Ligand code: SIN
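This document opens with one chain alone, in structure tokens, the form predicted alone.
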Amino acid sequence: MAKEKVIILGAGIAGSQAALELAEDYDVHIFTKSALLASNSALAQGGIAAAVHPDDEPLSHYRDTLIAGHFENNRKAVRLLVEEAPHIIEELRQAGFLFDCTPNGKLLFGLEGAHSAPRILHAGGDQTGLLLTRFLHDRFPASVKLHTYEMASSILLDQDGHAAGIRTFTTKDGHCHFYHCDHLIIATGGAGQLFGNTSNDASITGDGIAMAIQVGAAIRDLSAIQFHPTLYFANGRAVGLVSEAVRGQGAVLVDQSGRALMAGEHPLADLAPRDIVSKVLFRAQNAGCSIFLDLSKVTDFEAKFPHITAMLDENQEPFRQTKKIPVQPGAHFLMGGIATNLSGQTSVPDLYAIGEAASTGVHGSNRLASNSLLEAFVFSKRAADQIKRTTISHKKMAIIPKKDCLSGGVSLPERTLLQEKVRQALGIERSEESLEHLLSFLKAYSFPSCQVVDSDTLERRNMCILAARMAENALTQLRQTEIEMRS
């Protein structure tokens, strides 16, 4: 009897872990629109949070997650996250993954923003995400089929409205393909490239979420975007992230005169929750300040942060002489996304979402540092377990539209113009006027459900779909807040 087929969109940690969980019993196919390592997971400098130190406990991790998320979290999801964390770490170590340790073999624990204790495990200093992603990829059995440089353009449903396949095109030649599946998992990450200044990989344009929207999947908290305080800026653009772990080692945010910007702003100062730090820096920028990370108190910076050091050297940043890195806030993480239960199931039968593309409510309105990689492991395992418990009772036949791969009927803004409009409306501080302006701007364009066969057009269409939904969600929230404040 043929194995049931699972298609996974995305090869970051969430998608890769799901593939490993399912590979033995299912026919697993992974699709990426770019290279296998092109993901936010591989860029993650921060580590993975887990209460595994003898002096720490999951309850403390639970409280920190709720406080950072302003108590808007799904508490069941948070409980699962923190209780599963020690098991995830143990499984990874048993499988052979090497976290950073002291010379006598004890785990090293880092401190990051809004954590009440050092509980961040790193690998390769600031290369945790890259090493974890490679570790999972290296464990793929030969039975896992990899489809790189093949972009999914739409989800196909059967006559009963169940997810039953995908339509793709190869990004090198634009050839269209159709694939049937019994279970479809979206693990395509968030939507950081909606903003010009972002820590996200260039491939993260919200494609999976946009496709889910087009088949009617429920969406939740789509305007809940986290801005990271310390993106490294060179030549007027965001080049990459400077991990929060640098501040955990003693770096201080200062302006051009050396004034400590977080002094008196929060009891945790530079290690306050990200939304608070980002807002302070954003207002300082608007007041004409330049912002730097002062490294004077960080010992052995280059040894502890080899990836950041290489990034600075590549851009000829004289940090060794100045002891400073120029930084600004930028778009980092999407707390909302495709609404799921705690097993990754969406409102569309046989369609799952995991990782940053999903919204379980685990992060509330602001993600706690280093909970993202943990989330990817915990909820990918739960989605895989749910698939194993699900019986496909009938042969599903995907409905393929009569007209395929159309390229006409689409009118889209130029990418940098769209990004600037989104930044102005959906940035750190928002107003009804700016959100209404974005929605009015988008109404001048046409981005219907017809298919396209080049990645730039499809990405811009997906970005427009998300921008409109995000602005609508943000506008609704602003107006509701005003009503509550008046009552």
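The first residue of the shown sequence is 1; numbering continues from there. Just so you know, these numbers come straight off a predicted model, no measurement behind them.
Unshown form predicted in complex with ligand SIN; subsequent notes refer to it.
- Note that among 153-161, 281-289, 369-377, 343-351, the stretch whose heavy atoms approach ligand SIN to within 4.5 Å in the predicted complex is 369-377.
- Proximity of Gly69 to ligand SIN in the predicted complex falls outside the 4.5 Å heavy atom cutoff.
- For the chain shown alone, Glu112 is a contact residue for ligand SIN in the predicted complex, at least one non-hydrogen atom being within 4.5 angstroms.
- The closest non-hydrogen atom of Arg274 lies within 4.5 Å of ligand SIN in the predicted complex.
- Using a 4.5 angstroms limit between non-hydrogen atoms, Asp270 is distant from ligand SIN in the predicted complex.
- The contact with ligand SIN in the predicted complex, taken as any heavy atom within 4.5 Å, belongs to Leu241 out of Ala384, Val82, Cys181, Leu241.
- Taken together, Gln45, His228 and His332 are fully in contact with ligand SIN in the predicted complex: each brings a heavy atom within 4.5 Å.
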